[in-house]
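Shown here is one chain on its own, the form predicted on its own, set out as structure tokens.
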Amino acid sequence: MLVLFKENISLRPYNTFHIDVSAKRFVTIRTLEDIQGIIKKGHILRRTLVIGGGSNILFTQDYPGLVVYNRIGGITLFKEEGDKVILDVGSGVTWDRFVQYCVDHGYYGAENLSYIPGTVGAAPIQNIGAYGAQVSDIILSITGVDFRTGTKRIFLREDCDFGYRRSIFQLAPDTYLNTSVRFRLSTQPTLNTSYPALANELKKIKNPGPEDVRNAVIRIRRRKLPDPEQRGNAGSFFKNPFVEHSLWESLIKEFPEMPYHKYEDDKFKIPAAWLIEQCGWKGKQRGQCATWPSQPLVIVNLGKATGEEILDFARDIQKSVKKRFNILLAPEVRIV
């Protein structure tokens, strides 16, 4: 298939913040051969950015290089091993379409991650997670293409250094384009319903299945989070911070109501939403920027905000939390 390059194209339709910036060059790829051909012909620029759903990115200016829009599709049953199934999934497949596929076929393991925007290829980069699950729980391997050489490389799960919203792919962004992800799922009823909000949503359902969990997650997310089609946003703007024991100890004395979760390495995770709300930012609006009334971790574009305005708004939130709690919130959203 002929790969066509476009010049100076608006990226507004390709990012969920709806920021109207342009890309110097833009190309859509649909196969592994597409990206290998582009690399072989020397079309990869010094600055090259891969986007899928554009759901975890904030553009603050026009992009001066090449934007590669990933539409590599396909969901294939690779192997069955007893009560396990292995699926090969194209990196351009919409993430929630993949979750729906798993639920429709009775495959357990992805249902807690329902209704998360983005694509399959982007999911491992930040190790997406929700309601007690993260994508690294079900990943077997990832196939990527090196932009420098066009060669394929397979990353096994243990190669990826997965952690909370972390993976090896963040160390050198846009060095590899993930072309497919291999997942291991179960055909046996193995649900994770330990997360309190999810358990509460399912309490009236006897013997819930993966579809029940999926529907419950979707209901919760719709209640708490804005629809990007209606209000531009990229989901949670900040990561939940981890703090050392000494800081946690001083904070819990001053704020005994502070929620937290203790980890084995004597670190404590504190909800960023709680920190932001305590600083008075919940539902706060400034110009065309605001935090979502039911989830202050989400910054929304009310219509005509620029990327710079959203970034300034986010930085002021960071400053408030740092001043009151001595915690610097780290962005979960990629800023370009």
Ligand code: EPU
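When you see a residue number, it is the position in the sequence shown, counting from 1. Keep in mind that this is a model prediction, so the values were computed, not measured.
Keep in mind the form predicted in complex with the named molecule is missing from the figure; the text below concerns it.
- In the model of the complex, residue 221 approaches the named molecule with a heavy atom inside 4.5 Å.
- Looking at residue 263, you'd find every heavy atom of it more than 4.5 angstroms from the named molecule in the model of the complex.
- Taking the partner from elsewhere, residue 58 is found to have every heavy atom lying beyond 4.5 Å of the named molecule in the model of the complex.
- At a distance threshold of 4.5 angstroms between non-hydrogen atoms, residue 282 is in contact with the named molecule in the model of the complex.
- Proximity to the named molecule in the model of the complex, taken as a non-hydrogen atom within 4.5 angstroms, holds for one residue of 62, 277, 33, 308, which is 277.
- Contact with the named molecule in the model of the complex, defined as a heavy atom within 4.5 Å, holds for exactly one of 136, 215, 167, 240, namely 240.
- With the partner left out here, the named molecule still marks one of 88-96, 149-157, 223-231, 246-254 in the model of the complex; by a 4.5 Å heavy atom cut-off that stretch is 223-231.
- Along 106-144, residues 129, 130, 131 each place a heavy atom within 4.5 Å of the named molecule in the model of the complex.
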